[in-house]
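This document opens with one chain alone, in structure tokens, the form predicted on its own.
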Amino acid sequence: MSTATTPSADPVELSKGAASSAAGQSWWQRDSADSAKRNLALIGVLVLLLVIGAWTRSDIFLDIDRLWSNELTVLTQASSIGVIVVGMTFVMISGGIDLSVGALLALASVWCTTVATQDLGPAAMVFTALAVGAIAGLVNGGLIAYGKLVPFIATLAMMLSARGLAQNISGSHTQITADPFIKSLAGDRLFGVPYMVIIFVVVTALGWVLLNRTTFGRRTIAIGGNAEAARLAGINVRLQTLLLYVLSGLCCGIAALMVVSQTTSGSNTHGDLYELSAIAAAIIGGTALTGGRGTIVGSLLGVLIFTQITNLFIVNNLQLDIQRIINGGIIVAAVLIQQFRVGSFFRTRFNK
């Protein structure tokens, strides 16, 4: 009795079919365009916020000079937290979290403004801030990568320790600095643009290159997608994790110099709740809490949206408690939106 056999599918034909199917899709319908779609949506949100501003405070948002001045203020306010968000984005893409960023900023600001450090000049102040941030990040990374601590616990412990150490060094007093170079970072401009904003743009650009054009960035994404698979592929997951937290700490050191320049002081209260703002901005920008997905451009837009919303609250004299309630709602909404794949939504809509 003979049996009929079904011819097996030719792999070449299958690959050709998959290729032709992908070719039949428009760019807008492909998964590879998801990041671009999210960024376009975020730009739309920014435009909407400006429209709301024009409706609620037309005296500011419909006057070109006052609008330009206001938006420069927004960019300046976004600069220090924006630098921190760049480091936070790398950590979150890898599947981690860093709750210590605000405390590290405070510690770096206090340490670089001690009398002993200031006596050595501005170069020593800059080096101290960067070194404190990087070393603290090294401790975080070491505890997580080699000590096998959960990132939440390790960075929470660092947050408490760093804030306490900053308070101990400063004696709970504000340390004033009058160094001309440090003050110039916030006071001087290049072609009408504050140095603070230029620093923010440079750090963001370097972060984009590091994430998108280097093996460091590809390894970060691979670890966030599947750490075990990344290890089996030959990636040194522990070393990569260590370096990611050093990068986050270094960004905290840069941000500390910016805050010291803005306030002309170092204080153990600097950076209060910065960790929540940084995480919120990264989430709004499309960085996944579970890791494996995120973009520097998206995080940049997330920072600008968060800061623009705060600016709208301020110019409309909204009470602080109401501001915090709304900010909390925004974070929840951003996380809920992340549960839906943008590409799948559009395919469902347009492929019927």
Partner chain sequence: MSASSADMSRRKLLLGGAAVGAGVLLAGCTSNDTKDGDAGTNTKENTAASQAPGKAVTIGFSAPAADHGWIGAITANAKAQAAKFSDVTLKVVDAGKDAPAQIAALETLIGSKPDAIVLLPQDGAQLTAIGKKATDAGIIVINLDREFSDSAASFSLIKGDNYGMGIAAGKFIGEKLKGKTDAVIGEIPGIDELQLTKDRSKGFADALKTYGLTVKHRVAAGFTVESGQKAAANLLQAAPKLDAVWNHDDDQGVGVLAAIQQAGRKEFFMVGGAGSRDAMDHIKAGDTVLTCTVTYPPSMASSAIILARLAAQGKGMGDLVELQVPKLIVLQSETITKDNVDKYLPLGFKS
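Numbering follows the first chain given and starts at 1. By rigid core we mean the largest C-alpha set that fits within 1.5 Å across both forms. No experiment lies behind these values; they were computed from the predicted model shown.
The discussion below concerns the form predicted together with the partner chain, not included here.
Review point. Is there a heavy atom of Arg57 no more than 4.5 Å from a heavy atom of the partner chain in the predicted bound form?
Key: Contact check for Arg57: yes, within 4.5 Å of the partner chain in the predicted bound form.
Exercise for review: Indicate whether the partner chain has at least one heavy atom within 4.5 Å of a heavy atom of Gly187 in the predicted bound form.
Suggested key: Judged by the heavy-atom cut-off of 4.5 Å, Gly187 is in contact with the partner chain in the predicted bound form.
Review point. Given that the partner is absent here, does Ile176 sit within 4.5 Å of the partner chain in the predicted bound form, heavy atoms only?
Key: Yes, contact at 4.5 Å.
Review point. Contact between Gln77 and the partner chain in the predicted bound form at 4.5 Å, heavy atoms?
Key: Yes, contact at 4.5 Å.
**Study point:** Stretch in contact, per heavy atom within 4.5 angstroms of the partner chain in the predicted bound form, of 297 to 305, 62 to 70, 279 to 287, 48 to 56
**Key:** Within 4.5 Å of the partner lies stretch 62 to 70.
Review point. Looking at the partner chain in the predicted bound form, which residues in 97 to 129 have at least one heavy atom within 4.5 Å of it?
Key: Residues within 4.5 Å: none in this stretch.
Review point. Superposing on the rigid core, is the CA of Val47 displaced by 2 Å or more between the shown form and the other one?
Key: Comparing the forms between the shown form and the other one, which are aligned on their rigid core, Val47 does not shift its C-alpha by 2 Å or more.
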